[in-house]
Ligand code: ASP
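Given as structure tokens, the chain that follows is alone and in the form predicted alone.
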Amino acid sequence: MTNRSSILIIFTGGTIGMIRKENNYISINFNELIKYFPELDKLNFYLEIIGFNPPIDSAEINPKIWIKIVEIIEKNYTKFDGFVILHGTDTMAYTASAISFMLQNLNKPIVFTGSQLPIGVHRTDAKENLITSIEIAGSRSFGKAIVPEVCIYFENQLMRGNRTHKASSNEFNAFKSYNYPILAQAGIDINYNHSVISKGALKSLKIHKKIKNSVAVLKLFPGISKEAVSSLLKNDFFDAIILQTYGCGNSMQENWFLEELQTYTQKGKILINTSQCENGSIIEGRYKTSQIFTDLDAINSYDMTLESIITKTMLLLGESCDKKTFKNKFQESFCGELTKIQK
């Protein structure tokens, strides 16, 4: 056995695994896909590949797929130095966020990547994204992984997975990390921002697989009807409602709306306050129009992405903890997904 880093590539599907046939893009399996990457044979890494069969479009991703990915990593965790997950871009930030919460005490890189153009297209971004992701996943310093956390690499930038949001459907730089610095910039060299990268855990890996999807998102807008709000808040299926408010956590103050929220929270249900803005943080009490959420004991999501809020909520609901424990755990940073900002 050599000192080469060993990397497991997990191909789930997505645009990176498509070719053009007639007037449509269709998925192919990884055995067909790999012939488009002859450069992999030249990399100084030991590579193994596991491909989903059939490949999954990212619009079809669900918690069962997250668990499948985690189980593959769990089974192979001691065998490999790093992991690269090929995934469709539409829900990549959701999956990266979920995996970051499901794999606690991580000390190896898990790098998600994909492409905006299929591998069969001449101008594809697939090759650079995959090759650099492999290099990042296998990069070590003094025998330790340089980036021991769940990341997304796309268009020359490495970002923390649970801080990332797909911001464009047609640009190569499709992902943004609005509230956290990028972890690395790839040019002629890969320049790592060591001060913002996780140091890796000393404890053994801890796996979380229990997920409960009794969560909904309610986005406020001027003129929203009582019927729209009530349809969610009065549905007993939902244990948690994520309320997308304005600015740093503000909402209208109409009596019917405040009464609906109060009735919902009095049932022991969980209300999470998040902003419709991509950049910035919830700061309850800065304006009078956000004071109600403090009074209702709503959960401040601070500067978390919506993708991170949804997936973290699902994991905590899966633990079946009481409301107080849920709030304490939610507002604790598990793996760098939030920064507490005081008003």
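Each residue number is its position in the shown sequence, starting from 1. Worth saying up front: this structure is predicted, and the values here are computed from it rather than measured.
We do not show the form predicted together with the named molecule, though everything after this point is about it.
Within 4.5 Å of some heavy atom of the named molecule in the model of the complex lies at least one heavy atom of S115. Not displayed here, the named molecule is kept clear of S281 by more than 4.5 Å at the level of heavy atoms in the model of the complex. Taking the partner from elsewhere, D57 is found to have a heavy atom lying within 4.5 Å of the named molecule in the model of the complex. Contact annotation: E74 falls outside 4.5 Å of the named molecule in the model of the complex, judged by heavy atom distances.
Of the candidate stretches 216-224, 88-96, 267-275, 231-239, only 88-96 has residues whose heavy atoms lie within 4.5 Å of the named molecule in the model of the complex. Shown here without the named molecule, the chain has G14, T15 in 6-20 lying with a heavy atom within 4.5 Å of that partner in the model of the complex.
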